[in-house]
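This document opens with one chain alone, in structure tokens, the form predicted on its own.
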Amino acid sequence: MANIRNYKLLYFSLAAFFWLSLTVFDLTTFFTDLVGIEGVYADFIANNLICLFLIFLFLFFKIEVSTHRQPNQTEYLWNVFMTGITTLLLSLFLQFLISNQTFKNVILDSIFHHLILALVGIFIASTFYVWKKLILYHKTSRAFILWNVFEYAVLFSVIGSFLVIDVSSLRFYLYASPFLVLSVLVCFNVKWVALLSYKEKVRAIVFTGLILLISLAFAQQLRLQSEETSPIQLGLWQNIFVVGVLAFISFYAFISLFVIVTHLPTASIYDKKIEEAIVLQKLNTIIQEGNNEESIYDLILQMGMAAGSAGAAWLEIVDEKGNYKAFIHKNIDKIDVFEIKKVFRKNHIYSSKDLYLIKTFKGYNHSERILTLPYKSAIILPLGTTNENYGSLVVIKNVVNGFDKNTIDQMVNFSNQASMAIKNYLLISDALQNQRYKEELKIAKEVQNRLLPKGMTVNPNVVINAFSKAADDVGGDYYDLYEYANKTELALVIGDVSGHGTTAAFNMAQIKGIFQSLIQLRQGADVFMTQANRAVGACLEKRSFVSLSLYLIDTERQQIEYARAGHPPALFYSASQQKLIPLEAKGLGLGILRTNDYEKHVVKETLRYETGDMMILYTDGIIEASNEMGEEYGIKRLTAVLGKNIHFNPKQLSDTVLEDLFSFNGRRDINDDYTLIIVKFI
């Protein structure tokens, strides 16, 4: 830190020295008889002093900005705006003093012109390196290399600025063209926009719009200043470096503004997905904390309304005999509820195991009385499991056909989660009252089995076989598969929650909710991991963490994008090379680092596959399984048995690996959860 402060002081001192030297030199040019310098030589020296001043000012802000971290992106924009508006207002005030005949004085005009130069330098230097922070927010090797090349181009533009070149000349554009091309390429790195919430996007629109106006105002001021006949000619409008950096600042502000505006309509969906992931964990939290039934049912009611974006709902909970245990309503009178239920009964609409959608109440028999109410459509969500009925949740809206397909899918997912939460609550209550621990594990295992996909093969271009077994009756291993609507893209995830037993199972259920919520946003694998880490930090207790690997498979382009968060690397078999390759992407486990710095610790990778290639995913329960001598099975044995039998289909290969594993450990119980997934690309 001491060295950094010393460098900052050095660069600031040199910048101040060259600015002061420039000011003194320009003043002395009025006394050409004393100094013997005039004409083109004076312009050359002045321009060089300007460039040296700007170089050291940029070096100062490079350190200054890099050593100050802001909590989020909008804070960076706020700082740029405050710097810009302050320097712009001061420069306009100085320009007013210059143009006002009352203050007309050669020496004062010179000082004011040079103060304007300093203000312009402060704005472009500080903003340049804040833009660097945003451009490299999700630092990839490509973005990092591109930025370094861009900075060298900026250095080249500084060297070119030692020559006074007319901005309207062909020579100027020849010098500036590489700089401008790289500026355009760099400016399209705006991944930070996807991480903003709706409110943050609105603030960012305001700030980037104002920053764009400020940069354009500075450009206009420099252009007008270049047209003045003042004896003080700083030539900033002819300076490739100043004009180029100002153009870069303006263009990145414009691109950011455009991207934020286009992302704004989906920001509320993004916020809702994150909210769903966090709210779902509250169900498990409230259960584990031992809250009463009323608080759990009230939370389910609120979550159901949020999932359906509805303003009113009611919840009915029944016992094994069908008698009411609880009835809760929100934003609707009890009398109105019974009027609507009366119409349901007369039209033979009852709560069942299937969802029931009412697009409009109009047209149903005996609906005359409820047509005067402000409620126009409804959806009935059953709550229960295969063998048990817990009741129903009825969500209503004041618009006709108020539930689209996406909302219905979300509510179906929510009803499953709510049913599991109710079942878990009943299970825990029963265990506490009757000490029936075996029954608790049995039901928890049933819940967990519902969370894991039954049949993994969903695409004609991919064959997938999965095997998973918990060390206890329930465990923390998790795998899942999501197929996008275009039928050519799949998302495959495998993970391992720390711990064993019911705690790991509950946490695993929360990970599924996070995966199902975030994967639909169609972001990169690294962005998914960053957002998942944020959700895990909000869901799991501090001593819990999750290892996870995500694979986004594009069967049309035959490409896999993946990221690894502390999980054992998958093995990729290349049929053409006839060898197994570990997919070792950098990644830190979810929940270990619960700060905004997590994105620095995960990297996405891509690879292409060919027909006949395979991918083997597993949890550490397999490679850490030990025999009677305490020797672990290990990655070498796994690789060896795969290499010998790689010609088998995924099911046969999985059975062969497991048979070898059991033979190695003497067919003893493995003391950890273990999962094996084999993917073959056909």
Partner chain sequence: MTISTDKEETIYVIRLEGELDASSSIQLDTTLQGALSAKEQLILVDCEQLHYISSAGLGVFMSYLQDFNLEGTRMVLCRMSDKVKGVFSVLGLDSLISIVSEKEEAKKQLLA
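Every value quoted in this text rests on a predicted model; they were computed, and no experiment measured them. Positions refer to the first chain, counted from 1.
What follows is about the form predicted in complex with the partner chain, which we do not show.
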Please tell me which of 581, 115, 371, 592 lies within 4.5 Å of the partner chain in the model of the complex, judged by heavy atoms.
592
With the partner omitted here, the residue among 557, 263, 469, 601 that in the model of the complex has a heavy atom within 4.5 Å of the partner chain is 601
With the partner left out here, check for me: in the model of the complex, does some heavy atom of residue 461 sit within 4.5 Å of the partner chain?
no
My question is simply whether residue 568 lines the interface with the partner chain in the model of the complex - judged by any non-hydrogen atom within 4.5 Å.
yes
Check residue 499 for me: does it contact the partner chain in the model of the complex (non-hydrogen atoms, 4.5 angstroms)?
yes
Might residue 544 be said to contact the partner chain in the model of the complex, defining contact as any heavy atom within 4.5 Å?
yes
Can you pick the stretch from 491 to 499, 389 to 397, 359 to 367, 146 to 154 whose heavy atoms fall within 4.5 Å of the partner chain in the model of the complex?
491 to 499
Each of 381, 480 and 512 within 4.5 Å of the partner chain in the model of the complex, by any heavy atom, yes or no?
no
